[in-house]
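Single chain ahead, by itself, as structure tokens, in the form predicted on its own.
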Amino acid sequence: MSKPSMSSRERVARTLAHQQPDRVPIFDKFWFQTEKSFREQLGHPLVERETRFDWDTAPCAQAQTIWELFDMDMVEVAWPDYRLRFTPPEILEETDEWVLQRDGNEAVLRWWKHKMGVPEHVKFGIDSPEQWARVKPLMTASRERVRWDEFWPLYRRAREADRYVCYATVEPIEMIKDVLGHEIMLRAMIKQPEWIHDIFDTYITVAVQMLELVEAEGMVCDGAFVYGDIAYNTGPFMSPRHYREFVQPYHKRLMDEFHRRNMPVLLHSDGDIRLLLDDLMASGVDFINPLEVKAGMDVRELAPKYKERLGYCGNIDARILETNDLDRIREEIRSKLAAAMPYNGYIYHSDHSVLPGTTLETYQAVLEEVKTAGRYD
């Protein structure tokens, strides 16, 4: 006999606590082109800005988010903006293929017009302790860092629908790579450790203050979704020893703030983070996302190893979804669910973002398969 149906909020809350829900919760992310196509077919066209090259940091408000259109169990709100200056990107050069811009962090990035992915990192204006000292006073908490017009309506709709609301933010590696770039940041850990600790301390202090500010406004959330890519496909950006020295103290400060509010923490990182999992759990990470398959992440290996100590949100191979081969897709979903569900700590999510070749019909079948195969009897 199946369990009685739960609200989305209860379903996710029980899963994050490793208590058996009625079924596996559903959440996901989509590439820009995928969301645009799905929305057009569903009759809810995407509201776009003049340029989409800053898509990841400045989405437009939508009458309904893609999560609501697919009746997913979670939504994200808040998303504080940690740029040094809130200025429009300055176009330095443009061709038919790309546009070169300088952003509010004084970083020069090349955005591709006709393909997906992150921009090319060309140059970073903040590349020394002296340059950092010049802009450090700009990094303060303020209401200007939250897109209230976008997130208040979403927050209210989520509460009315009894969805699980996550406070979305980024961790310090993700914050600082936008200012220094990865190479300057990682080299400085070895050669200029005091400088890096000062930057990490500054950003994490503002991150905690932004959480307090958002709560003071009345936007109180159920859990936290913390974004920060800290690994390549072949392993972490740094050794576990350097993670513990340079990153863990700041991760723990942020995670402790969430746990003090009884907010479970889901950490997003692409790449292979297996070497850091024990340290991440010690920092306060409760669930990991998205478990990128091509980086070697496999919930069928991790779930039996960590059992209820760690939860998972993802690992459904987006490349398999893009084949639109329903037999292969069902096998992918069922094998991953069968491994993770015994520990009551799994949320459906693709292993990155849903690719543009995935058809709407396929994706709708995916959600139905999860709702069927993911039921707890």
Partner chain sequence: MSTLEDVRQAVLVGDEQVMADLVNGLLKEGTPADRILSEGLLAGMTEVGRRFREYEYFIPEVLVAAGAMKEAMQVLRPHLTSAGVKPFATAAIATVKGDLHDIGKNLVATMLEGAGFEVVDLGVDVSPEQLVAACQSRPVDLVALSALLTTTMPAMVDAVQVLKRELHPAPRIIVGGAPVTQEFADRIGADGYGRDAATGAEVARRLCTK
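Treat the numbers as computed from the prediction; the structure is a model and nothing was measured. Positions refer to the first chain, counted from 1.
Below: the form predicted in complex with its partner chain, not depicted.
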| query | finding |
| --- | --- |
| Among 301 to 309, 235 to 243, 152 to 160, 77 to 85, the region lying within 4.5 Å of its partner chain in the model of the complex by heavy atom distance | 235 to 243 |
| Residue contact check: residue 148 to its partner chain in the model of the complex, 4.5 Å heavy atom | no |
| Contact test in the model of the complex: residue 191 vs its partner chain, heavy atoms, 4.5 Å | yes |
| Residue 121, heavy atom within 4.5 angstroms of its partner chain in the model of the complex | yes |
| Residue contact check: residue 208 to its partner chain in the model of the complex, 4.5 Å heavy atom | no |
| The unique member of 198, 215, 278, 97 whose heavy atoms fall within 4.5 Å of its partner chain in the model of the complex | 97 |
| Partner-contacting position among 183, 93, 90, 71 - heavy atom within 4.5 Å of its partner chain in the model of the complex | 183 |
| Site test, 115, 187 and 294 vs its partner chain in the model of the complex, non-hydrogen atom cutoff 4.5 Å | yes |
